[in-house]
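Take a look at this one chain, the form predicted on its own, written out in C-alpha cells.
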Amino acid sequence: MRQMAFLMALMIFAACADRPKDPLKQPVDRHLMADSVKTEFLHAWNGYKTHAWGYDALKPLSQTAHNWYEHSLLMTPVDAFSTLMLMQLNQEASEAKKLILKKLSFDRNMDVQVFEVNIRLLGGLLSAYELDGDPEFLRLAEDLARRLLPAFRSPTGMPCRTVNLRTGATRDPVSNPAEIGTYILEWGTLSRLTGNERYYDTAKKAMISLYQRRSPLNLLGTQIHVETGQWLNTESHLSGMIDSFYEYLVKGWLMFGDPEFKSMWETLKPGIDRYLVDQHHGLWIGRADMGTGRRTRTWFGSLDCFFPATLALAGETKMARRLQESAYRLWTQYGIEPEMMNYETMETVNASYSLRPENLESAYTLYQMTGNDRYLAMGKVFFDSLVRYCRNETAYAHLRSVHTKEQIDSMESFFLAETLKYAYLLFHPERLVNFEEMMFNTEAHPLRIRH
C-alpha cells in the first residue's frame, strides 16, 4: 500500500512538472528586461544607422533604405529621438539631433500625408524640444505646422488627407475620423509653446465638425468627404481609420482640461458600449453600421488594442482589464498578433504583423494605473515573441504571416518610437513618465500637460 501511494504521488508530481507554466503567473525581472529592451533597440537603431542613415526608414532584409516621398523627412531619426532621450542613449541622441538640425527641411515641393507627418514629425519635434530644450526643434515644428494648415481650409474645417509642403495645394478630400481628429495634442502643445491659439482652435474645430456628424446612435463611420460632410462608408469600429480620434478625445480632455472633449467622449462612449462591444468568450470590440447598429463583422485586430489604454486613462479600468485579456488572446493565439482576427472563429482575417505597439501600450498603461504584475508578464510575452520571430541580423522586420513567421523587408519608424519605448517604460524599475505631467501622442511622443 505504501509503495502504491508513493508511486501515485510520483506520477502526480511528474504530471505537474510536465504541465506548462502559465507565463502570466511567472515573476518578471524588471532590471533584466529593461536592459534587454535597450539592447534590442540599439540593435535596430544601429541597423538603421549603418544601412539607412539620412533616409526615412530601413529595409532590414536587403540592408537598403527608402524614403516615403521624393525627399527624405528623416522619419526614423525624428521618430526615435524621444526614445533615445528616455533611454539616456546620449551619444546616439546627439548624433540624431545633429542630423535633424542640419538636414531636415520642409521647404519641399512635394505632397505629404497630413496625419502621418503630424504624429511622427510634428509630434516628434515638439517632444524633442520638451526633452532637449533646443529652440531649433520648436522652430522646425512651427514651420511644419504652418505648411500643414492649408489642409484644414475645407468648408467643414476637416482636413484633406494630403497637402503640398511648399504650395499648400490639397488633394484627397475623402478622409476618415483618425486622419481628421488626431491633431489636438500636437497643435495644442504648439499653441501653448508659441502663444498662437490658431493651432489649437484649428485642430479642435476639425474634431467638433466630425463629432457633429455622428449618427443618431452616437457612432462614427469609416470614411467621410471633408468638403461636403457626407459619409461614404458607414461601418463603425475602433480599428484603423477611426481609432485615434477616440484616443485624442480622452487625451485632449486630460491634457488641456477642456470640458468639451470630455463631453464629446461621454456622449460617444455609450454608442460604443451598446453597438460595438461584443461578448463572445470574453469582451471584444466588433463592427456595426453607424445608422442601424447592426453587427457587420466580428473582427478585432492589432490596432484595436489601443483601446484598453484609452479606457484606463478615462477611468474605466474594469472594462480596460477585460478588453486587455482579449488583446492578449489575439497575441497568443498564433504566437504573435495578426493584423486582424475574427474573434467568433478565432481565425485570421489579415495574418500579417507590422511590429505594432498597441498591445504593449495598453499593458504599460494598465500596469501604471493598477500596479498589477499581470501586465508586466504580458509585456514579457509580447517582447519575447518579438525577439523570437521579428529579429534578424540587421534589425527587426515585419511578418508576412503569423502562421509562417516569414519576415518581409520593412521596419517602420514607429517600432523605435512606440513599440520598444513602451516595452522599456513598462519594465524600467522607475516611473520615467508621470501621467499627471506628460501625455503620449498616438506615436508615443511624450508632451507636457498644460491646462
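Residue numbers run from 1 along the displayed sequence. Computed from a predicted structure; not experimentally measured.
Quick note: we don't show the form predicted together with 1-deoxymannojirimycin, though the next part is all about it.
- Interface residue among 414, 396, 382, 41, judged by heavy atoms within 4.5 Å of 1-deoxymannojirimycin in the predicted complex: 414.
- When you look in the predicted complex, the only residue of 237, 204, 251, 120 with a non-hydrogen atom within 4.5 Å of 1-deoxymannojirimycin is 120.
- For the three marked residues, 116, 244 and 303, a heavy atom of each sits within 4.5 Å of 1-deoxymannojirimycin in the predicted complex.
- Residues of just one listed stretch (323 to 331, 271 to 279, 284 to 292, 350 to 358) have heavy atoms within 4.5 Å of 1-deoxymannojirimycin in the predicted complex: 350 to 358.
- Heavy atoms of residue 56 never reach within 4.5 Å of 1-deoxymannojirimycin in the predicted complex, leaving it off the interface.
- Heavy atoms closer than or equal to 4.5 Å to 1-deoxymannojirimycin in the predicted complex belong, across 422 to 443, to the residues 442, 443, ordered by sequence position.
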